[in-house]
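Below you'll find only one chain, the form predicted alone, shown as structure tokens.
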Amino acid sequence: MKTYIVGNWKLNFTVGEASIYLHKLLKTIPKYRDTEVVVAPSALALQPLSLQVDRHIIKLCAQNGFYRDYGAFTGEISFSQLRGLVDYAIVGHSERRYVLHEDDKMIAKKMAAAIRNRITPILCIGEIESERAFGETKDVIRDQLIGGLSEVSDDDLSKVIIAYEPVWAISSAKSARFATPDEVAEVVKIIRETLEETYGKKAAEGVPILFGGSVNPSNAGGYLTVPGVNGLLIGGASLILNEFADIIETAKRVRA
């Protein structure tokens, strides 16, 4: 299975800044055989960057998409409009869930929309600090996973990536702390077991699972050695060229 290194740029970089950064990144990293490098710019930058990017080296990812393909939905961007521009799309990120109040029903529709438009969705799931403190992690992870995949068929599960992002470990959280490899391993096991119960063992084993939560060059290697982790979803460090390149090189070295 490939190793996925996904940089989520969030609400950062103008179109011009994104173009310059991508140009430098393409000059910095080589083509990796078993490592998929992916960046998720803002929606405004996707079209010009799609003309600039070398998809043999880096793939583009949308940060979001709307579940209807067309219609009277002012301000939205559909997955059908994104088709051809991106290979991946982030769905259900904690900022969409907790800041913009997207629920599992909405997220499930977005997952289905991405798949039917031949875009690989990266389903983000993760608990908040109080849920972990009260021992609710397993229930939250299972609910978000089953809810987000509720419109994904057995045949389409192979087209999905899961990203575990504990909200309490994201750098923007007020009380953020680093997740330990053991904590990550615990949740990855829950995800695999839930997928196996729902879709069967063989299908579950084929789903890549990423970890995201204040990943940086110092801790990336530790997370990549957690059993069942197939890559990383990176926020702040993906905005710094040298740090992002270091993480990509670490992934190559750890997985060699």
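This is a predicted model, so every value here is computed, not measured. Just count from 1 along the sequence shown to find any residue number.
There is another form of the same protein, the form predicted together with phosphoenolpyruvate (PEP); it is not shown, and what comes next is about it.
Listed stretches are 208 to 216, 41 to 49, 193 to 201, 57 to 65; the contact stretch with phosphoenolpyruvate (PEP) in the predicted complex is 208 to 216, by a heavy atom cutoff of 4.5 Å. Comment: phosphoenolpyruvate (PEP) is not present in this chain, but in the predicted complex one of 77, 146, 170, 85 has a heavy atom within 4.5 Å of it, namely 170. A residue is said to contact a partner when one of its heavy atoms sits within 4.5 Å of a partner heavy atom; residue 165 meets this definition for phosphoenolpyruvate (PEP) in the predicted complex. Proximity of residue 95 to phosphoenolpyruvate (PEP) in the predicted complex: non-hydrogen atoms within 4.5 Å are present. Taking non-hydrogen atoms only, residue 233 approaches phosphoenolpyruvate (PEP) to within 4.5 angstroms in the predicted complex. Residues 8, 10 are the members of 1 to 19 with a non-hydrogen atom no more than 4.5 angstroms from phosphoenolpyruvate (PEP) in the predicted complex.
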